[in-house]
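Take a look at this one chain, the form predicted alone, written out in structure tokens.
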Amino acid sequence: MTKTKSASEPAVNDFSITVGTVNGSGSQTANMALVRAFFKMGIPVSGKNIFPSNIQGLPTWYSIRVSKDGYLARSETTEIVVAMNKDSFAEDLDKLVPGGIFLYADDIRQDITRDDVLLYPMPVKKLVREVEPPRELRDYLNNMVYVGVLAHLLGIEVEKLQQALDFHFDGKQKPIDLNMAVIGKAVQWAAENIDQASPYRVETMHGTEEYIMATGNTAGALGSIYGGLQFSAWYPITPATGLPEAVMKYRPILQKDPETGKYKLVVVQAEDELAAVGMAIGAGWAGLRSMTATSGPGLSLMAEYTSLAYYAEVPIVLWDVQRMGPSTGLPTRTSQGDINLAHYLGQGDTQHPILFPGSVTECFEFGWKALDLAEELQTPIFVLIDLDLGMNQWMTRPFQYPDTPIKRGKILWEDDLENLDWEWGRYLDKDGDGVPYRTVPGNTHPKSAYFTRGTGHDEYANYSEDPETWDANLKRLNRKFELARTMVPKPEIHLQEGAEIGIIAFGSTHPAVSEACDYLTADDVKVDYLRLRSLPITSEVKAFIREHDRIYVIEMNHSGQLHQIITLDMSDQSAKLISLTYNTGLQLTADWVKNAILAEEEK
């Protein structure tokens, strides 16, 4: 075993681990056991899963970052590497920083090309055989060996690993005991064979108090249910499938009438994306709070139906969990490339409001707020997250139950129609805000009926090809979009005295941008940061742009789609808007943000 001198002062609660395994080998159980153990020790932690989209057996990686400062973005440096896959062995070794730790299965016979790292071959198969598990489980249990070795090297509390496995296996004692037996063997082996102090350690702290761990997909599903969701139709697609699956998981708990045993929420797996959005729009037209969830390829198929909902003014919520395009692209990589698609989805002049959750907590909050906005504005509302926020586990604040009553918007019931002192028309803008009054099926008043049209129509839903009527209707729809500026979530703004530079970012880039702001401040570069939470942009966003000399718009796509939309909206400020794009399929890092801004500032 090759050894090099380790640092005299170990890095405590501040390093990253990359685990290289084979897709389908069951490594997720081991990796989540580590993440949850760190979390239970009170250490801020994040985990990023990088996995292939098609064939079992291809390389997969899992990146874990522990940070005493609470930084949760992906780190560009890796201090500890676990190599369990011969096909990625050389690449994994190359990722490691000098002085880092390299753990690897001892049956991988490849040249070690570095002498500046700590090398620890692990007798993986031998330790697993000693536990005498069923033969079909051996390959899955191999991963628990590196969990046990890391527990010894880093000082992870074994009790916390057991608690993590108890959660993962839902208290089933047999798999818990079997996995813990392998971990115990690995801890014992490491204690007897590794006599060198690790340069990296973990110690109990209190950085996770009042936090939970959850995915954005789960949070979005729960937020929708708590917002009164009544109908959801969907078709499976990575990385959005977890959201409707979570709706189905929690439906029996939260949406089952205890007296009748019937569900108050209908969930339909449709035959394709067109059918899914068509069903959801039909439910929204019928007066149900309705939702669908998809990703970019599915969203493109929903264009015609969504345009119908826009022009017929049917409320619906569409969750888009973004992945890398164009085309099928990289289905298991993350991106923010659907902004233009969602904002303008449909033929002709369509513009849709978009909500951008920046945390798992906001996925829950925007789950119910999106349903309110859809009904208040009588229009499709998009909620855009991405694979990173949707599928990965994140530390997050506990979800807060909606603090306002459900908002149904302008619905007229029998008594309302009976007492009106004006003639109701389905598309009549009585209040001047662009939003008409509607009725829904089940209203028995004789005046409640109307013919829903996606073709040309006047204020009373009569078919019309009159040019002036058409123009007036589009202008009214634009008034509705302008009203949305005052209703969508306002941005979150962080200011520093004397800052002339501004940053605009959104969604899952927030952890990296926030961390980068700290690094820039340390380098005496003052920046103000606006986290955008919605489109159309609000008055606060416009003021932020006008008040700064330069604005860097940071996003994870190739063409700077948000930059384009803001530039169109504020053409008089376009010279100060600078697009910075990152589009590798991996998550944004703070170092990239800092270096990109400094490079621009030096021009």
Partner chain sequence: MARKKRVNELGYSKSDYAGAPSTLCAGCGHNAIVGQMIAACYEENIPPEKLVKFSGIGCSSKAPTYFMNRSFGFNGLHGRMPSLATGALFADMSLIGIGMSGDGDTASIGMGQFKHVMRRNVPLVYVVANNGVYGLTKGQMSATAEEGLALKRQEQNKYMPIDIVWEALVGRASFVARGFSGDPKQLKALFKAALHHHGTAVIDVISPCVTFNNQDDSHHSYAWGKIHEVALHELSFVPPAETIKVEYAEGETAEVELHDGSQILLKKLGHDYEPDDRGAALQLLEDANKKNQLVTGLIYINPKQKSIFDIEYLPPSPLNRVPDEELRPSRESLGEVNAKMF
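In this text, all values refer to a predicted model and were calculated from it rather than measured experimentally. Residue numbers count along the first chain shown, from 1.
The form predicted in complex with the partner chain exists for this protein as well; it is not shown, and the discussion that follows is about that form.
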item: In the predicted bound form, residue 422 touching the partner chain (heavy atom, 4.5 Å); value: no
item: Heavy atom of residue 113 within 4.5 Å of the partner chain in the predicted bound form; value: no
item: The partner chain contact at residue 539 in the predicted bound form, heavy atom, 4.5 Å; value: no
item: The partner chain contact at residue 71 in the predicted bound form, heavy atom, 4.5 Å; value: no
item: Partner-proximal stretch of 178-186, 376-384, 487-495, 230-238 relative to the partner chain in the predicted bound form, 4.5 angstroms, heavy atom; value: 230-238
item: Contact residue in the predicted bound form, from 107, 271, 523, 76 (heavy atom within 4.5 Å of the partner chain); value: 271
item: Selected contact from 200, 226, 437, 102, since only one has a non-hydrogen atom within 4.5 angstroms of the partner chain in the predicted bound form; value: 226
item: Heavy atom distance at most 4.5 Å to the partner chain in the predicted bound form, all of 53, 214 and 248; value: yes
item: In the predicted bound form, residues of 313-344 near the partner chain [heavy atom within 4.5 Å]; value: 314, 327, 328
